[in-house]
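The chain below stands alone, shown as structure tokens; this is the form predicted on its own.
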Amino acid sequence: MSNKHNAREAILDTASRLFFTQGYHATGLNQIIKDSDSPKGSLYYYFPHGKEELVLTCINRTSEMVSQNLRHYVEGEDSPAQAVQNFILSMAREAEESSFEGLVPFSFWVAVETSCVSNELRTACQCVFKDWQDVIAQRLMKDGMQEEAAVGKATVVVSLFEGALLLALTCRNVQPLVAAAESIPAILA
């Protein structure tokens, strides 16, 4: 990996962590530069349009990571309900193993806070939720569910997951995620 790639990745890793833990407005470019140990010129070289371009890249990157993880479960399990349950339970394990550090529901800081910054960021956030819902809906339709029902149920599942993650992090307890996982078979029936 080249130094240029390392600098860009360090900036993205640091910015993602700060945006997700402090929020968009509380995170400054100088803090990202300092915490990533990157020269100031690097940030502007990779993200010439500044903070909004950087957060957009972080949003898209996070969305793709979560989508890939969700796809892994959806494609690897016999039933959509089992796939979603295992996905949620994996988040519960990750939360416990990390002592609830670094896990933030996408909706909590990013979607709520950045959607009012610009139409481009709001659209990106809408796409994140739609991508996650599509992964679930496609599997439900593959298993014979009608499209309208599949899309509706996928929306409920993503809402449930995000809400359960918010409660789990607030309470520092995985019980809301476990309860969400247990309710999936009834929702997807």
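Since the structure is predicted, the reported quantities are computational estimates derived from the model, not experimental observations. One rule holds for the numbers: they count along the sequence shown, beginning at 1.
Separately, the form predicted together with the DNA exists; it is not shown, and the next lines address it.
Stretch-level contact check against the DNA in the predicted complex with heavy atoms at 4.5 Å: of 152-160, 59-67, 123-131, 28-36, the positive one is 28-36.
At the 4.5 Å threshold, heavy atoms of residue 50 reach the DNA in the predicted complex.
In the predicted complex, residue 188 stays away from the DNA, with no heavy atom inside 4.5 Å. In the predicted complex, residue 41 approaches the DNA with a heavy atom inside 4.5 Å.
Using a 4.5 Å cut-off on any heavy atom, none of the residues of 152-189 reaches the DNA in the predicted complex.
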